[in-house]
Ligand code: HEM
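Here you get one chain, nothing else, as C-alpha coordinates; it is the form predicted alone.
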(Lines give C-alpha, C1' and ligand atoms only; values in the text may rest on other atoms or scores of the structure.)
Protein backbone atom coordinates (compact mmCIF):
# COMPACT_ATOMS: atom_id res chain seq x y z
CA UNK A 1 0.00 0.00 0.00
CA UNK A 2 1.30 3.44 -0.92
CA UNK A 3 2.12 5.88 1.84
CA UNK A 4 1.49 9.60 1.53
CA UNK A 5 2.63 12.80 3.18
CA UNK A 6 1.09 16.22 2.78
CA UNK A 7 2.53 19.52 3.90
CA UNK A 8 -0.15 21.59 5.69
CA UNK A 9 1.77 24.81 4.93
CA UNK A 10 2.60 24.37 1.25
CA UNK A 11 -0.16 21.89 0.41
CA UNK A 12 2.29 19.74 -1.55
CA UNK A 13 1.65 16.01 -1.67
CA UNK A 14 4.35 13.34 -1.53
CA UNK A 15 4.17 9.63 -2.21
CA UNK A 16 6.88 7.97 -0.11
CA UNK A 17 8.50 6.10 -3.00
CA UNK A 18 8.48 9.17 -5.24
CA UNK A 19 9.88 11.34 -2.47
CA UNK A 20 12.83 9.01 -1.89
CA UNK A 21 13.59 8.89 -5.60
CA UNK A 22 13.39 12.66 -5.89
CA UNK A 23 15.91 12.98 -3.08
CA UNK A 24 18.47 10.52 -4.44
CA UNK A 25 18.28 11.90 -7.98
CA UNK A 26 18.69 15.47 -6.74
CA UNK A 27 21.67 14.47 -4.57
CA UNK A 28 23.29 12.56 -7.45
CA UNK A 29 22.85 15.62 -9.64
CA UNK A 30 24.51 17.79 -6.99
CA UNK A 31 27.51 15.42 -6.88
CA UNK A 32 27.85 15.68 -10.67
CA UNK A 33 27.63 19.47 -10.36
CA UNK A 34 30.42 19.42 -7.76
CA UNK A 35 32.66 17.45 -10.12
CA UNK A 36 31.78 19.74 -13.03
CA UNK A 37 32.47 22.84 -10.94
CA UNK A 38 35.94 21.73 -9.83
CA UNK A 39 36.80 20.90 -13.43
CA UNK A 40 35.39 24.25 -14.61
CA UNK A 41 37.81 26.08 -12.32
CA UNK A 42 40.74 24.13 -13.76
CA UNK A 43 39.60 24.91 -17.31
CA UNK A 44 39.10 28.60 -16.59
CA UNK A 45 42.57 28.90 -15.09
CA UNK A 46 44.06 27.05 -18.07
CA UNK A 47 42.49 29.25 -20.70
CA UNK A 48 43.56 32.33 -18.73
CA UNK A 49 46.73 32.99 -20.79
CA UNK A 50 48.97 34.28 -18.00
CA UNK A 51 48.17 31.27 -15.75
CA UNK A 52 47.74 28.42 -18.25
CA UNK A 53 47.44 25.88 -15.45
CA UNK A 54 47.06 22.46 -17.10
CA UNK A 55 49.13 20.72 -19.71
CA UNK A 56 47.56 19.71 -23.01
CA UNK A 57 46.72 16.10 -22.07
CA UNK A 58 45.19 17.07 -18.72
CA UNK A 59 43.26 19.93 -20.33
CA UNK A 60 41.46 17.73 -22.85
CA UNK A 61 40.76 15.06 -20.23
CA UNK A 62 39.31 17.74 -17.92
CA UNK A 63 37.27 19.28 -20.73
CA UNK A 64 35.76 15.91 -21.60
CA UNK A 65 34.74 15.21 -18.01
CA UNK A 66 33.42 18.74 -17.44
CA UNK A 67 31.15 18.61 -20.48
CA UNK A 68 29.57 15.29 -19.58
CA UNK A 69 29.12 16.03 -15.88
CA UNK A 70 27.75 19.54 -16.43
CA UNK A 71 25.48 19.04 -19.43
CA UNK A 72 24.43 15.40 -19.12
CA UNK A 73 24.74 14.02 -15.59
CA UNK A 74 23.91 17.06 -13.41
CA UNK A 75 21.04 18.10 -15.61
CA UNK A 76 19.36 14.77 -16.25
CA UNK A 77 19.59 13.51 -12.66
CA UNK A 78 17.85 16.68 -11.51
CA UNK A 79 15.34 16.53 -14.34
CA UNK A 80 14.30 12.98 -13.43
CA UNK A 81 13.58 14.34 -9.93
CA UNK A 82 11.48 17.09 -11.53
CA UNK A 83 9.55 14.54 -13.60
CA UNK A 84 8.62 12.60 -10.45
CA UNK A 85 7.65 15.85 -8.70
CA UNK A 86 5.55 17.05 -11.64
CA UNK A 87 3.69 13.74 -11.86
CA UNK A 88 3.31 12.12 -8.45
CA UNK A 89 3.38 15.28 -6.31
CA UNK A 90 1.41 17.69 -8.47
CA UNK A 91 -1.14 15.07 -9.54
CA UNK A 92 -1.40 13.65 -5.99
CA UNK A 93 -0.96 10.01 -6.93
CA UNK A 94 1.37 7.09 -6.31
CA UNK A 95 4.45 6.61 -8.44
CA UNK A 96 4.19 3.97 -11.17
CA UNK A 97 6.66 1.09 -10.86
CA UNK A 98 8.95 2.35 -8.06
CA UNK A 99 11.15 -0.74 -8.47
CA UNK A 100 11.65 0.13 -12.11
CA UNK A 101 12.45 3.70 -11.07
CA UNK A 102 15.13 2.44 -8.67
CA UNK A 103 16.56 0.23 -11.42
CA UNK A 104 16.71 3.26 -13.70
CA UNK A 105 18.49 5.28 -11.02
CA UNK A 106 20.99 2.46 -10.42
CA UNK A 107 21.79 2.25 -14.14
CA UNK A 108 22.27 6.03 -14.29
CA UNK A 109 24.69 5.92 -11.35
CA UNK A 110 26.63 2.98 -12.79
CA UNK A 111 26.76 4.63 -16.21
CA UNK A 112 27.94 8.00 -14.89
CA UNK A 113 30.65 6.43 -12.73
CA UNK A 114 31.79 4.11 -15.54
CA UNK A 115 32.22 6.94 -18.05
CA UNK A 116 34.03 9.15 -15.52
CA UNK A 117 36.39 6.29 -14.67
CA UNK A 118 37.13 5.81 -18.38
CA UNK A 119 37.88 9.53 -18.78
CA UNK A 120 40.16 9.84 -15.76
CA UNK A 121 42.07 6.70 -16.73
CA UNK A 122 43.42 8.93 -19.49
CA UNK A 123 42.50 7.11 -22.69
CA UNK A 124 39.14 8.75 -23.45
CA UNK A 125 39.86 12.46 -23.89
CA UNK A 126 37.54 12.75 -26.88
CA UNK A 127 35.42 15.62 -25.51
CA UNK A 128 31.71 15.31 -24.90
CA UNK A 129 31.02 15.07 -28.63
CA UNK A 130 33.38 12.05 -28.90
CA UNK A 131 33.66 12.53 -32.67
CA UNK A 132 34.93 9.54 -34.61
CA UNK A 133 37.51 8.59 -35.79
CA UNK A 134 38.83 9.57 -32.34
CA UNK A 135 38.24 6.48 -30.24
CA UNK A 136 37.63 6.29 -26.50
CA UNK A 137 37.88 3.23 -24.27
CA UNK A 138 34.89 0.87 -24.67
CA UNK A 139 33.58 1.57 -21.16
CA UNK A 140 33.36 5.29 -22.02
CA UNK A 141 30.58 4.50 -24.49
CA UNK A 142 29.15 1.71 -22.33
CA UNK A 143 28.70 4.11 -19.42
CA UNK A 144 26.82 6.58 -21.61
CA UNK A 145 24.55 3.81 -22.90
CA UNK A 146 23.78 2.54 -19.38
CA UNK A 147 23.02 6.08 -18.21
CA UNK A 148 20.73 6.64 -21.20
CA UNK A 149 18.83 3.40 -20.54
CA UNK A 150 18.35 4.39 -16.90
CA UNK A 151 17.07 7.84 -17.87
CA UNK A 152 14.71 6.26 -20.39
CA UNK A 153 13.28 4.04 -17.63
CA UNK A 154 12.73 7.18 -15.55
CA UNK A 155 10.82 8.76 -18.44
CA UNK A 156 8.57 5.70 -18.77
CA UNK A 157 7.92 5.69 -15.01
CA UNK A 158 6.86 9.33 -15.33
CA UNK A 159 4.50 8.50 -18.21
CA UNK A 160 3.11 5.54 -16.28
CA UNK A 161 2.42 7.81 -13.31
CA UNK A 162 0.36 10.07 -15.58
CA UNK A 163 -1.71 7.03 -16.59
CA UNK A 164 -2.29 6.09 -12.94
CA UNK A 165 -3.36 9.64 -12.09
CA UNK A 166 -5.86 9.60 -14.95
CA UNK A 167 -7.24 6.17 -14.06
CA UNK A 168 -7.61 7.04 -10.38
CA UNK A 169 -9.07 10.51 -11.11
CA UNK A 170 -6.61 12.35 -8.90
CA UNK A 171 -7.03 15.56 -10.92
CA UNK A 172 -9.83 17.26 -12.80
CA UNK A 173 -9.61 18.44 -16.40
CA UNK A 174 -6.20 18.95 -18.01
CA UNK A 175 -2.97 18.33 -16.16
CA UNK A 176 -1.42 21.44 -14.52
CA UNK A 177 0.73 23.61 -16.76
CA UNK A 178 3.91 22.64 -14.86
CA UNK A 179 3.14 18.97 -15.48
CA UNK A 180 2.40 19.74 -19.14
CA UNK A 181 5.85 21.30 -19.42
CA UNK A 182 7.37 18.21 -17.82
CA UNK A 183 5.55 16.05 -20.40
CA UNK A 184 7.20 18.19 -23.09
CA UNK A 185 10.61 17.61 -21.50
CA UNK A 186 9.92 13.86 -21.32
CA UNK A 187 8.93 13.60 -25.00
CA UNK A 188 12.07 15.47 -26.05
CA UNK A 189 14.10 13.24 -23.71
CA UNK A 190 12.84 10.09 -25.40
CA UNK A 191 13.85 11.52 -28.80
CA UNK A 192 17.22 12.54 -27.38
CA UNK A 193 17.97 9.15 -25.82
CA UNK A 194 16.87 7.35 -28.98
CA UNK A 195 19.29 9.47 -31.02
CA UNK A 196 22.06 8.60 -28.60
CA UNK A 197 21.29 4.90 -28.75
CA UNK A 198 21.21 4.90 -32.54
CA UNK A 199 24.76 6.22 -32.74
CA UNK A 200 26.44 5.23 -29.44
CA UNK A 201 25.60 1.52 -29.58
CA UNK A 202 27.35 0.97 -32.95
CA UNK A 203 30.19 3.22 -31.77
CA UNK A 204 30.63 1.01 -28.70
CA UNK A 205 30.71 -2.04 -30.97
CA UNK A 206 33.30 -0.24 -33.11
CA UNK A 207 35.43 0.43 -29.99
CA UNK A 208 35.57 -3.30 -29.16
CA UNK A 209 36.30 -4.29 -32.74
CA UNK A 210 32.97 -5.79 -33.83
CA UNK A 211 32.34 -3.02 -36.37
CA UNK A 212 35.12 -1.96 -38.67
CA UNK A 213 34.13 1.60 -39.54
CA UNK A 214 31.84 4.43 -38.38
CA UNK A 215 31.15 7.16 -40.94
CA UNK A 216 32.18 10.46 -39.35
CA UNK A 217 29.58 12.59 -41.15
CA UNK A 218 26.77 10.24 -40.22
CA UNK A 219 28.04 10.21 -36.63
CA UNK A 220 27.96 14.01 -36.37
CA UNK A 221 24.45 14.36 -37.76
CA UNK A 222 22.91 11.69 -35.52
CA UNK A 223 25.00 12.54 -32.45
CA UNK A 224 23.76 16.13 -32.43
CA UNK A 225 20.24 14.75 -32.28
CA UNK A 226 21.32 13.73 -28.77
CA UNK A 227 23.94 16.38 -27.98
CA UNK A 228 21.87 19.46 -28.67
CA UNK A 229 18.50 17.94 -27.85
CA UNK A 230 19.74 17.21 -24.33
CA UNK A 231 19.75 21.01 -23.93
CA UNK A 232 16.18 21.11 -25.22
CA UNK A 233 15.18 18.80 -22.36
CA UNK A 234 16.77 21.39 -20.10
CA UNK A 235 14.86 24.27 -21.69
CA UNK A 236 11.47 22.55 -21.34
CA UNK A 237 12.30 21.56 -17.75
CA UNK A 238 13.57 24.92 -16.57
CA UNK A 239 10.69 26.81 -18.20
CA UNK A 240 8.34 24.49 -16.28
CA UNK A 241 10.19 25.46 -13.10
CA UNK A 242 9.77 29.13 -14.02
CA UNK A 243 6.00 28.68 -14.05
CA UNK A 244 6.19 26.74 -10.76
CA UNK A 245 8.20 29.45 -9.01
CA UNK A 246 5.85 32.16 -10.30
CA UNK A 247 3.04 30.29 -8.54
CA UNK A 248 5.09 29.58 -5.41
CA UNK A 249 6.49 33.08 -4.94
CA UNK A 250 3.51 35.16 -6.06
CA UNK A 251 0.49 32.89 -6.39
CA UNK A 252 0.69 33.85 -10.08
CA UNK A 253 -1.52 32.23 -12.71
CA UNK A 254 -0.55 31.93 -16.39
CA UNK A 255 -1.54 34.98 -18.43
CA UNK A 256 -3.01 32.57 -20.97
CA UNK A 257 -2.67 28.89 -20.24
CA UNK A 258 -3.70 27.91 -23.77
CA UNK A 259 -0.96 30.08 -25.25
CA UNK A 260 1.63 28.67 -22.84
CA UNK A 261 0.61 25.11 -23.67
CA UNK A 262 0.80 25.98 -27.36
CA UNK A 263 4.35 27.24 -26.84
CA UNK A 264 5.32 23.94 -25.20
CA UNK A 265 3.81 22.15 -28.21
CA UNK A 266 6.03 24.23 -30.51
CA UNK A 267 8.99 22.99 -28.47
CA UNK A 268 8.04 19.39 -29.22
CA UNK A 269 7.67 20.04 -32.93
CA UNK A 270 10.60 22.37 -33.63
CA UNK A 271 13.05 22.79 -30.77
CA UNK A 272 15.31 19.85 -31.61
CA UNK A 273 15.93 21.32 -35.06
CA UNK A 274 18.23 23.85 -33.43
CA UNK A 275 20.88 21.11 -33.48
CA UNK A 276 21.31 22.09 -37.14
CA UNK A 277 23.54 25.03 -36.22
CA UNK A 278 26.27 22.56 -35.20
CA UNK A 279 26.48 21.10 -38.69
CA UNK A 280 25.91 24.14 -40.90
CA UNK A 281 29.42 23.87 -42.33
CA UNK A 282 29.21 20.08 -42.82
CA UNK A 283 28.84 18.64 -46.34
CA UNK A 284 26.74 15.74 -45.03
CA UNK A 285 23.35 17.47 -45.30
CA UNK A 286 21.85 19.54 -48.08
CA UNK A 287 21.70 23.34 -48.20
CA UNK A 288 17.89 23.24 -48.43
CA UNK A 289 17.74 21.20 -45.21
CA UNK A 290 20.04 23.68 -43.48
CA UNK A 291 18.10 26.71 -44.68
CA UNK A 292 14.72 25.26 -43.69
CA UNK A 293 15.85 24.19 -40.23
CA UNK A 294 17.74 27.37 -39.41
CA UNK A 295 15.08 29.78 -40.63
CA UNK A 296 11.43 28.77 -40.91
CA UNK A 297 11.48 25.85 -38.45
CA UNK A 298 13.86 27.29 -35.88
CA UNK A 299 11.95 30.58 -35.70
CA UNK A 300 8.89 28.70 -34.44
CA UNK A 301 10.98 27.35 -31.56
CA UNK A 302 12.23 30.89 -30.91
CA UNK A 303 8.61 32.07 -30.90
CA UNK A 304 7.83 29.51 -28.19
CA UNK A 305 10.66 30.78 -25.97
CA UNK A 306 9.56 34.38 -26.54
CA UNK A 307 6.05 33.45 -25.41
CA UNK A 308 7.38 31.89 -22.20
CA UNK A 309 9.71 34.85 -21.71
CA UNK A 310 6.70 37.16 -21.86
CA UNK A 311 4.11 35.19 -19.94
CA UNK A 312 6.23 34.07 -16.94
CA UNK A 313 7.35 37.54 -15.80
CA UNK A 314 4.00 38.86 -17.05
CA UNK A 315 2.14 36.55 -14.68
CA UNK A 316 4.38 37.76 -11.86
CA UNK A 317 3.58 41.37 -12.74
CA UNK A 318 -0.17 40.72 -12.83
CA UNK A 319 0.00 39.05 -9.41
CA UNK A 320 2.05 41.91 -7.97
CA UNK A 321 -0.28 44.57 -9.36
CA UNK A 322 -3.22 42.79 -7.76
CA UNK A 323 -1.40 43.23 -4.45
CA UNK A 324 -1.28 46.99 -4.98
CA UNK A 325 2.12 47.50 -6.61
CA UNK A 326 0.72 49.63 -9.42
CA UNK A 327 2.88 52.78 -9.41
CA UNK A 328 4.68 53.20 -12.70
CA UNK A 329 5.90 50.46 -14.98
CA UNK A 330 8.22 48.68 -12.59
CA UNK A 331 7.09 49.06 -8.96
CA UNK A 332 5.95 45.43 -9.17
CA UNK A 333 9.54 44.46 -9.98
CA UNK A 334 11.20 46.76 -7.44
CA UNK A 335 8.97 45.36 -4.67
CA UNK A 336 9.52 41.75 -5.69
CA UNK A 337 11.17 39.48 -3.06
CA UNK A 338 14.75 39.99 -4.24
CA UNK A 339 16.05 38.63 -0.93
CA UNK A 340 14.42 35.27 -1.66
CA UNK A 341 16.88 33.14 -3.69
CA UNK A 342 13.98 31.07 -5.05
CA UNK A 343 12.68 34.17 -6.85
CA UNK A 344 15.93 36.00 -7.56
CA UNK A 345 17.60 32.92 -9.04
CA UNK A 346 14.70 32.32 -11.42
CA UNK A 347 14.31 35.95 -12.49
CA UNK A 348 18.03 36.36 -13.16
CA UNK A 349 17.85 33.13 -15.16
CA UNK A 350 14.97 34.49 -17.26
CA UNK A 351 16.80 37.74 -18.05
CA UNK A 352 20.20 36.22 -18.88
CA UNK A 353 18.74 33.27 -20.76
CA UNK A 354 16.54 35.59 -22.84
CA UNK A 355 18.84 38.52 -23.53
CA UNK A 356 22.08 36.54 -24.01
CA UNK A 357 21.19 32.90 -24.64
CA UNK A 358 18.20 33.59 -26.86
CA UNK A 359 19.77 36.31 -29.00
CA UNK A 360 23.09 34.50 -29.51
CA UNK A 361 21.22 31.28 -30.31
CA UNK A 362 19.44 32.95 -33.22
CA UNK A 363 22.74 34.44 -34.41
CA UNK A 364 24.38 31.01 -34.38
CA UNK A 365 21.38 29.50 -36.14
CA UNK A 366 21.63 31.91 -39.09
CA UNK A 367 23.57 30.04 -41.76
CA UNK A 368 25.55 32.98 -43.13
CA UNK A 369 26.49 34.56 -39.77
CA UNK A 370 27.33 31.15 -38.36
CA UNK A 371 30.38 31.04 -40.65
CA UNK A 372 32.19 33.77 -38.66
CA UNK A 373 31.62 32.23 -35.24
CA UNK A 374 31.52 28.48 -35.94
CA UNK A 375 33.86 26.51 -33.67
CA UNK A 376 35.02 29.66 -31.89
CA UNK A 377 34.75 30.49 -28.20
CA UNK A 378 31.49 32.25 -29.10
CA UNK A 379 29.79 28.84 -29.20
CA UNK A 380 31.00 28.12 -25.66
CA UNK A 381 29.71 31.49 -24.48
CA UNK A 382 26.29 30.77 -25.97
CA UNK A 383 25.74 27.41 -24.34
CA UNK A 384 26.97 28.65 -20.97
CA UNK A 385 24.23 31.27 -21.16
CA UNK A 386 21.64 28.55 -21.77
CA UNK A 387 22.97 25.63 -19.72
CA UNK A 388 24.91 27.28 -16.89
CA UNK A 389 22.56 30.21 -16.32
CA UNK A 390 19.23 29.29 -17.92
CA UNK A 391 19.02 25.78 -16.47
CA UNK A 392 21.58 25.47 -13.68
CA UNK A 393 20.62 28.73 -11.95
CA UNK A 394 16.94 27.78 -12.20
CA UNK A 395 17.59 24.39 -10.64
CA UNK A 396 19.65 26.04 -7.89
CA UNK A 397 16.75 28.36 -7.11
CA UNK A 398 14.29 25.46 -6.97
CA UNK A 399 16.61 23.61 -4.57
CA UNK A 400 16.26 26.40 -2.01
CA UNK A 401 12.51 25.70 -2.04
CA UNK A 402 12.87 21.92 -1.96
CA UNK A 403 15.29 21.66 0.97
CA UNK A 404 12.63 22.60 3.53
CA UNK A 405 9.68 21.19 1.58
CA UNK A 406 11.09 17.92 0.23
CA UNK A 407 14.02 17.16 2.54
CA UNK A 408 12.35 18.68 5.63
CA UNK A 409 15.50 20.45 6.75
CA UNK A 410 15.90 24.05 7.81
CA UNK A 411 18.21 26.10 5.63
CA UNK A 412 21.59 26.93 7.13
CA UNK A 413 23.22 30.30 6.43
CA UNK A 414 20.09 31.95 4.95
CA UNK A 415 21.90 35.29 4.70
CA UNK A 416 24.55 33.78 2.44
CA UNK A 417 21.87 31.98 0.44
CA UNK A 418 20.32 35.35 -0.45
CA UNK A 419 23.55 36.40 -2.18
CA UNK A 420 24.29 33.11 -3.92
CA UNK A 421 22.19 33.68 -7.11
CA UNK A 422 23.74 37.12 -7.64
CA UNK A 423 27.29 35.82 -7.23
CA UNK A 424 26.77 32.87 -9.56
CA UNK A 425 24.84 34.89 -12.15
CA UNK A 426 27.36 37.76 -12.00
CA UNK A 427 30.35 35.49 -12.50
CA UNK A 428 28.67 33.60 -15.31
CA UNK A 429 27.65 36.85 -17.05
CA UNK A 430 31.26 38.09 -17.01
CA UNK A 431 32.45 34.73 -18.30
CA UNK A 432 29.79 34.56 -21.03
CA UNK A 433 30.17 38.10 -22.37
CA UNK A 434 33.92 37.81 -22.73
CA UNK A 435 33.66 34.32 -24.22
CA UNK A 436 31.39 35.85 -26.86
CA UNK A 437 33.81 38.72 -27.41
CA UNK A 438 36.87 36.46 -27.67
CA UNK A 439 35.01 34.17 -30.05
CA UNK A 440 34.07 37.12 -32.24
CA UNK A 441 37.79 37.90 -32.47
CA UNK A 442 38.40 34.31 -33.60
CA UNK A 443 39.64 32.60 -30.43
CA UNK A 444 38.91 28.87 -30.95
CA UNK A 445 36.91 26.72 -28.60
CA UNK A 446 38.40 23.58 -27.04
CA UNK A 447 41.94 24.75 -27.69
CA UNK A 448 44.54 24.25 -24.98
CA UNK A 449 46.79 27.13 -26.08
CA UNK A 450 45.40 30.20 -27.84
CA UNK A 451 48.99 31.31 -28.43
CA UNK A 452 49.68 28.24 -30.60
CA UNK A 453 53.15 27.80 -29.08
CA UNK A 454 53.61 24.43 -30.80
CA UNK A 455 52.87 25.97 -34.19
CA UNK A 456 55.38 28.76 -33.54
CA UNK A 457 58.09 26.16 -32.88
CA UNK A 458 57.46 24.88 -36.41
CA UNK A 459 57.83 28.34 -37.92
CA UNK A 460 54.09 29.08 -38.11
CA UNK A 461 53.08 32.33 -36.46
CA UNK A 462 49.59 33.54 -35.68
CA UNK A 463 48.44 36.39 -33.47
CA UNK A 464 44.97 37.40 -32.29
CA UNK A 465 43.96 41.05 -31.86
CA UNK A 466 45.38 42.56 -28.68
CA UNK A 467 42.04 42.55 -26.86
CA UNK A 468 41.69 38.77 -27.19
CA UNK A 469 44.16 37.95 -24.43
CA UNK A 470 42.54 40.50 -22.10
CA UNK A 471 39.13 39.00 -22.79
CA UNK A 472 40.41 35.51 -22.03
CA UNK A 473 41.78 36.75 -18.71
CA UNK A 474 38.35 38.19 -17.90
CA UNK A 475 36.81 34.82 -18.81
CA UNK A 476 39.07 33.29 -16.17
CA UNK A 477 38.00 35.88 -13.58
CA UNK A 478 34.35 35.21 -14.36
CA UNK A 479 34.95 31.48 -14.01
CA UNK A 480 36.48 31.92 -10.56
CA UNK A 481 33.53 34.05 -9.38
CA UNK A 482 30.95 31.65 -10.84
CA UNK A 483 32.65 28.60 -9.30
CA UNK A 484 32.63 30.42 -5.95
CA UNK A 485 28.88 30.95 -6.36
CA UNK A 486 28.42 27.29 -7.21
CA UNK A 487 30.52 26.27 -4.18
CA UNK A 488 28.31 28.38 -1.91
CA UNK A 489 25.22 26.67 -3.37
CA UNK A 490 26.67 23.24 -2.63
CA UNK A 491 27.84 24.34 0.83
CA UNK A 492 24.36 25.56 1.77
CA UNK A 493 22.45 22.65 0.26
CA UNK A 494 24.71 19.85 1.50
CA UNK A 495 25.21 21.60 4.84
CA UNK A 496 21.45 21.97 5.26
CA UNK A 497 20.90 18.27 4.56
CA UNK A 498 23.62 17.23 7.01
CA UNK A 499 23.34 19.85 9.74
CA UNK A 500 20.08 21.73 9.18
CA UNK A 501 17.49 21.41 11.91
CA UNK A 502 15.03 18.62 11.13
CA UNK A 503 11.58 20.09 10.76
CA UNK A 504 8.78 18.81 12.89
CA UNK A 505 5.20 18.39 11.66
CA UNK A 506 3.47 21.74 11.11
CA UNK A 507 6.78 23.56 11.45
CA UNK A 508 5.36 26.72 9.91
CA UNK A 509 7.22 28.98 7.50
CA UNK A 510 10.90 29.69 7.08
CA UNK A 511 10.93 33.35 7.98
CA UNK A 512 14.17 34.12 6.15
CA UNK A 513 12.65 33.52 2.73
CA UNK A 514 8.94 33.08 3.35
CA UNK A 515 9.23 29.62 1.79
CA UNK A 516 6.74 26.99 2.99
CA UNK A 517 8.19 24.06 4.88
CA UNK A 518 7.22 20.43 4.67
CA UNK A 519 5.40 18.91 7.57
CA UNK A 520 3.26 15.99 8.66
CA UNK A 521 3.96 12.26 8.66
CA UNK A 522 3.03 9.58 6.19
CA UNK A 523 -0.45 8.14 6.02
CA UNK A 524 -2.13 5.57 3.80
CA UNK A 525 -5.10 7.91 3.34
CA UNK A 526 -5.26 9.91 0.11
CA UNK A 527 -4.73 13.62 0.87
CA UNK A 528 -7.39 16.28 0.58
CA UNK A 529 -7.19 18.81 -2.28
CA UNK A 530 -4.19 21.09 -2.06
CA UNK A 531 -4.13 24.42 -0.31
CA UNK A 532 -1.46 27.11 -0.41
CA UNK A 533 1.25 27.25 -3.11
CA UNK A 534 0.34 23.77 -4.33
CA UNK A 535 -3.11 25.02 -5.24
CA UNK A 536 -1.54 27.73 -7.39
CA UNK A 537 0.62 25.12 -9.12
CA UNK A 538 -2.47 23.09 -9.99
CA UNK A 539 -4.84 25.90 -10.86
CA UNK A 540 -5.94 26.55 -14.44
CA UNK A 541 -7.12 29.68 -16.16
CA UNK A 542 -5.72 32.89 -17.55
CA UNK A 543 -5.24 36.53 -16.78
CA UNK A 544 -5.73 39.32 -19.29
CA UNK A 545 -2.75 41.28 -20.60
CA UNK A 546 -2.25 43.59 -17.67
CA UNK A 547 1.53 43.64 -17.66
CA UNK A 548 2.82 46.87 -19.27
CA UNK A 549 6.20 46.61 -17.52
CA UNK A 550 6.80 43.15 -18.95
CA UNK A 551 5.78 44.42 -22.38
CA UNK A 552 8.43 47.16 -22.14
CA UNK A 553 11.06 44.54 -21.20
CA UNK A 554 9.96 42.45 -24.19
CA UNK A 555 10.34 45.45 -26.50
CA UNK A 556 13.79 46.09 -25.05
CA UNK A 557 14.69 42.49 -25.88
CA UNK A 558 13.40 42.97 -29.44
CA UNK A 559 15.42 46.16 -29.96
CA UNK A 560 18.54 44.49 -28.51
CA UNK A 561 18.10 41.59 -30.89
CA UNK A 562 17.60 43.78 -33.98
CA UNK A 563 20.66 45.91 -33.20
CA UNK A 564 22.88 42.90 -32.46
CA UNK A 565 21.60 41.05 -35.53
CA UNK A 566 22.49 44.05 -37.72
CA UNK A 567 25.95 44.34 -36.12
CA UNK A 568 26.72 40.71 -36.94
CA UNK A 569 25.63 41.08 -40.56
CA UNK A 570 27.82 44.17 -40.77
CA UNK A 571 30.73 42.23 -39.29
CA UNK A 572 30.16 39.40 -41.79
CA UNK A 573 30.33 41.93 -44.63
CA UNK A 574 33.65 43.26 -43.31
CA UNK A 575 35.33 39.86 -43.09
CA UNK A 576 33.79 38.48 -46.26
CA UNK A 577 33.87 41.37 -48.75
CA UNK A 578 32.33 41.09 -52.19
CA UNK A 579 33.88 42.82 -55.19
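Keep in mind that this is a model prediction, so the values were computed, not measured. Positions refer to the first chain, counted from 1.
Below, we turn to the form predicted in complex with this ligand, even though it does not appear here.
Counting only heavy atoms and a 4.5 Å cutoff, which of 345-353, 173-181, 384-392, 187-195 contacts this ligand in the predicted complex?
In short, 384-392.
Heavy atom within 4.5 Å of this ligand in the predicted complex: which of 127, 307, 490, 137?
Of the candidates 127, 307, 490, 137, 127 is the one lying within 4.5 Å of this ligand in the predicted complex.
Exactly one residue in 76, 246, 83, 435 has a non-hydrogen atom within 4.5 Å of this ligand in the predicted complex; which is it?
Answer to the contact question: 435.
Does this ligand get within 4.5 angstroms of any non-hydrogen atom of residue 278 in the predicted complex?
No - in the predicted complex, heavy atoms of residue 278 and this ligand never come within 4.5 Å of each other.
Is there a non-hydrogen atom of residue 44 within 4.5 angstroms of a non-hydrogen atom of this ligand in the predicted complex?
So residue 44 counts as contacting this ligand.
Using a 4.5 angstroms cut-off on non-hydrogen atoms, would residue 496 count as touching this ligand in the predicted complex?
Contact with this ligand, no.
Looking at the partner-bound form in the predicted complex, is residue 316 within 4.5 Å of this ligand by any heavy atom?
No, residue 316 is distant from the partner.
Using a 4.5 Å cut-off on any heavy atom, which residues of 58-79 would contact this ligand in the predicted complex?
Result: 59, 63, 66, 67, 70, 71, 74, 75.
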